[in-house]
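Consider the single chain below, provided in structure tokens and representing the form predicted on its own.
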């Protein structure tokens, strides 16, 4: 008799795609409301205003297709969710608060990012509500206990996703824009200092929610070093430690030195290392959540479950 494989590799691939899409969508709004804030309209320099406007447009153009992928994964999972509920997709959307709200919020995020990509500022508040709210719709169904994982994703997405957008749409474009040569050091410092409080807050939330999730799944604790789930969690934690270490270096050593073009180049390089480690964390996470969670000794083996819904699904 052939042994059933421990993991079906299409699952972590789907989860990884969902993670990346979610992080980039959240990163676009994080960049707008943390790194840039009101500088696009309040700066006294026409060149700076033009740069910030272009940076926001680039951020929206990155976030829009990412949000479209996330929404696509969500809607692709609805037929399976409806089948498990012995319902139809239409009835699920119109008759279930959680699914209906998620649908509206995804549409809101797509419309908001579309408007922002067209340089219409009113799109950003819509994108913020939609991108964050679509992940947290479980609270609308009173599922507070199931809010930890979505909150973990939102915090991580706002941290790492915003860092990616900052490096690509912000610092990368700034260091290539000849009109900004005289302003590069100050503008880089402004964006990084605007992002820093968001990164610190989200980092603390990631730690708190991650420890809570790990504690609920490691039952008994010895499964940390005796099961494939535990091995994957250890690998993830090691990579997370690298991300936090690089982030701490950027915050304590690179950020205070900002003010010159050379310092802007330096923090961009170190941020790339942080993003590389974060990408590996997402790989480890995608594998981790595709593995069966440990069960207490003597617990009955559960019946085979249907394939999990996509990362953006309301079934989180």
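Residue numbers count along the first chain shown, from 1. Please read all numbers here as calculations on a predicted model, not as lab measurements.
There is another form of the same protein, the form predicted together with a small molecule; it is not shown, and what comes next is about it.
Contact check for residue 159: a heavy atom falls within 4.5 Å of the small molecule in the predicted complex. In the predicted complex, none of the heavy atoms of residue 124 sits within 4.5 Å of a heavy atom of the small molecule. Although the partner is absent here, residue 213 sits close enough that one of its heavy atoms falls within 4.5 Å of the small molecule in the predicted complex. By the criterion of a heavy atom within 4.5 Å, residue 81 is excluded from the residues contacting the small molecule in the predicted complex.
Candidate site formed by 206, 237 and 282: every one of these residues places a non-hydrogen atom within 4.5 angstroms of the small molecule in the predicted complex. Heavy atoms within 4.5 Å of the small molecule in the predicted complex are found in exactly one of 59-67, 245-253, 284-292, 24-32, that being 284-292.
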